[in-house]
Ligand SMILES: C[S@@+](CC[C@H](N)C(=O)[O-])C[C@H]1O[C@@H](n2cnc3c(N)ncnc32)[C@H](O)[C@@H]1O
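Next comes just one chain, in structure tokens: the form predicted on its own.
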């Protein structure tokens, strides 16, 4: 048994092609030839869990087994990277707090509602950061309805996000004053988020390639999707961005990661220069 557990199962070229195509069709995640070793390494334990001696058998399980959807979720958890932390990409967050939120507060002063979507929210640090910034802005009193939603394709990270208990690694860009103000230290040395912030955010499982599920998302004033579309090929990027465009109100903002852009993807958004960063805005007077 010790020998068997140490045996590495090889992912052949054909098996890699089949699995990569399957993952792409389901989630839009693109794995090129250079990612073969990554898939082979990360999925070893799944094969051993099911006592499979080849990736082809695992592929057939994903296609036909009655529990294939549960296994598919486990696989996506394993092959995706979910690196995040509070106050990530501070320049953009400063622009969000100092320029975008005041504009939205004025724009929506009549209906007194604000809806923000963190797409690809991972373990929740990003949407909770947005909630903190909204709270600290002083722009939205109790008469406002502020909805912040976080979605991710990984059920595992959403479970962590809903607990709102974080380890020290989540605070690499957070000052001690903010930690003291919004978190309580737990007995095992972790940090539990205050309910006043936690209750501002709601989470849901969502595959950005699933158009039926995307239809359940209501119109948003701001969509933040940072360091997500870098894992998509050009076609999947276009599908996701077009969905974001449809979900934004006219004049709404789309914020991507600092290394991401819409160049060669779409021209429907207007590039807007703020003090510290550039963001994308859905033009006024547009619909759908």
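What you see is a predicted model, and the numbers here were worked out from it, not measured in a lab. Numbering follows the first chain given and starts at 1.
Absent from the display: the form predicted in complex with the ligand. The rest refers to it.
Even though the ligand is not shown here, does it sit in the model of the complex so that 129, 160 and 201 each have a heavy atom within 4.5 Å? The answer is no: none of the three residues contacts the partner (heavy atom, 4.5 Å cut-off).
Answer with one of 113, 207, 137, 73: the residue that has a non-hydrogen atom within 4.5 Å of the ligand in the model of the complex. Selected residue: 207.
Could you check which residue among 220, 39, 29, 47 gets a heavy atom within 4.5 Å of the ligand in the model of the complex? That would be 29.
Quick check on residue 226: any heavy atom within 4.5 Å of the ligand in the model of the complex? Yes.
Does the ligand come within 4.5 Å of any heavy atom of residue 232 in the model of the complex? So residue 232 counts as contacting the ligand.
When the contact criterion is heavy atoms within 4.5 Å, does residue 81 count as touching the ligand in the model of the complex? Looking in the model of the complex, residue contacts with the ligand include residue 81, since a heavy atom lies within 4.5 Å.
Using heavy atoms and a 4.5 Å limit, would one call residue 193 a contact residue for the ligand in the model of the complex? Residue 193 lies outside the contact set for the ligand.
Which of these stretches, 99-107, 161-169, 73-81, 177-185, has heavy atoms within 4.5 Å of the ligand in the model of the complex? Among the listed stretches, the partner-contacting one is 73-81.
Counting only non-hydrogen atoms and a 4.5 Å cut-off, give the residues of 108-145 close to the ligand in the model of the complex. Heavy-atom contacts to the ligand in the model of the complex: 120, 121, 122, 126.
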